[in-house]
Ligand SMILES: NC(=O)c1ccc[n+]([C@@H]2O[C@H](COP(=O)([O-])OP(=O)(O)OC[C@H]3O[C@@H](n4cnc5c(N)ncnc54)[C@H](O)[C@@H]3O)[C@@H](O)[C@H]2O)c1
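One chain comes next, on its own, written as structure tokens: the form predicted on its own.
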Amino acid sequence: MIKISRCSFVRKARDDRLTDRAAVVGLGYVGIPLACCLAQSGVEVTGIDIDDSRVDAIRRGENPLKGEEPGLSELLREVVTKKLLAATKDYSCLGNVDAIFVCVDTPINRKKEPVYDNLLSAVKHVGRNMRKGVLVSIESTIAPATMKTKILKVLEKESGLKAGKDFYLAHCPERVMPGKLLYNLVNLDRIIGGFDEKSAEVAERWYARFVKGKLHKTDMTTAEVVKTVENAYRDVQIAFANEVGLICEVLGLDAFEVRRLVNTSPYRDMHLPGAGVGGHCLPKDPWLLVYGGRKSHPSLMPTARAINDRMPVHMVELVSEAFREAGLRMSKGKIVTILGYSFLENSGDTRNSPAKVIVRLLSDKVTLRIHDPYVLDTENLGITKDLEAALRDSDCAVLVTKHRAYSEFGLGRMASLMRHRILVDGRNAFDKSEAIKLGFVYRGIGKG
């Protein structure tokens, strides 16, 4: 293990050094690529996280994120080897950095209200250790007005400093996506919401080090709304596609052919129906926007969330229908193989995955096998990476995540391994006519 001193880098006085220094608080899907990009630009970066295993992995130059992330593992190894990136759990290092980027998750509770415990804890530590003249950029997605009503107050209280006078403050919400972390971070436009004009200018100079996309300066609250609207809008579009998919099932039509033809008309961009919406952002961010604007009594976004949340339940309904058509009774003597446990294809990210709901609803009805080529079995579900073993003597295959491995494996091999041929396709991964020719009882989202 690489030995790291209590403070990751020995700091010199600001005027005695040529290299800028930054800290990234929270080393997850946002913080790790951000830290790597800053380090690649020549900045000495200290990454801070409370997770020992994550800190240790980064110290060894190993990427703790699972799934296909082009270029990230190589870049992380490179910047750690060059001593441009180190990791620690110690916030005292913040006293000698020029910029602090906070990338801590912001979940919601059962009432669909934001839970800021982790974020505010991190911000308190930042406030207690930061120095004058530093930039604090919050990359976490937050409800509108959170920067003014919570973040600003905590930073000023804990530091004894004043924003705009003693330090710079900005909200620059992330736009990354698993599978495209580095690409999105570097190439997409970014929104820079400054506490004041000077804060926005300072933040712009930092992000210009590695962002090739345009940098759009605005105020903090506008930046908060922009980020939550981005994801709420996409969630509503997906809900529309899912509802069209359900209509097509009833009418005996192919929703994917309907979508193709709809999109031949100008200014249409109908999304894909599917087994459900997962990930850290889309199931949560619409509720952050609704919470921030709750006095306006929003109704469309909660309706869209309800539609998308019900799609995994509908997948289980399709499984029941297929069993009945096959003349089989669902019981513990029947084996159902779940194909894909992550929420996104070719990724190991399981946050809010629709598969979790499907597994929960089926677990007391049948014997489950779960296959995913990327997911680590941290939940002790018996997740396997052996696809043949997962399908052998199975009665039903339920495709939840469109991993490349499943199309490469092929329907023919699946058919040869299974005891009964039932296929429920939640992502239009397989050709319905081919499946039927091979003797499958077929059900699919949007396939009537």
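Start at 1 with the first residue shown and count on from there. What you see is a predicted model; the values in this text were computed from it and never measured.
The form predicted together with the named molecule is left out here; the points below concern that form.
Engineer: Can you work out whether the named molecule is within 4.5 angstroms of a heavy atom in all three of 23, 44 and 129 in the predicted bound form?
Structural biologist: No residue of the spot touches the named molecule in the predicted bound form.
Engineer: With the named molecule left out here, work out from 198-206, 268-276, 212-220, 170-178 which stretch has heavy atoms within 4.5 Å of it in the predicted bound form.
Structural biologist: Every other range fails; the passing one is 170-178.
Engineer: Indicate whether the named molecule has at least one heavy atom within 4.5 Å of a heavy atom of residue 49 in the predicted bound form.
Structural biologist: Yes.
Engineer: Does any part of residue 78 reach within 4.5 Å of the named molecule in the predicted bound form? Heavy atoms only, please.
Structural biologist: Output for residue 78 is no: heavy atoms all beyond 4.5 Å of the named molecule.
Engineer: If you check in the predicted bound form, is residue 234 within 4.5 Å of the named molecule, heavy atoms only?
Structural biologist: Close contact is absent here: in the predicted bound form, residue 234 is far from the named molecule, nothing within 4.5 Å, heavy atoms only.
Engineer: Decide whether residue 351 counts as a contact residue for the named molecule in the predicted bound form under a heavy atom distance cut-off of 4.5 Å.
Structural biologist: Contact check for residue 351: yes, within 4.5 Å of the named molecule in the predicted bound form.
Engineer: Please pick, from 411, 390, 37, 27, the one residue with any non-hydrogen atom lying within 4.5 angstroms of the named molecule in the predicted bound form.
Structural biologist: Partner contact (heavy atom, 4.5 Å) among the options: 27.
Engineer: Taking 4.5 Å between heavy atoms as the contact cutoff, choose which of 303, 73, 118, 346 touches the named molecule in the predicted bound form.
Structural biologist: After the contact test, the surviving option is 118.
Engineer: Scan 399-427 and write down, in order along the chain, each residue with a heavy atom lying within 4.5 Å of the named molecule in the predicted bound form.
Structural biologist: Contacts from 399-427: none.
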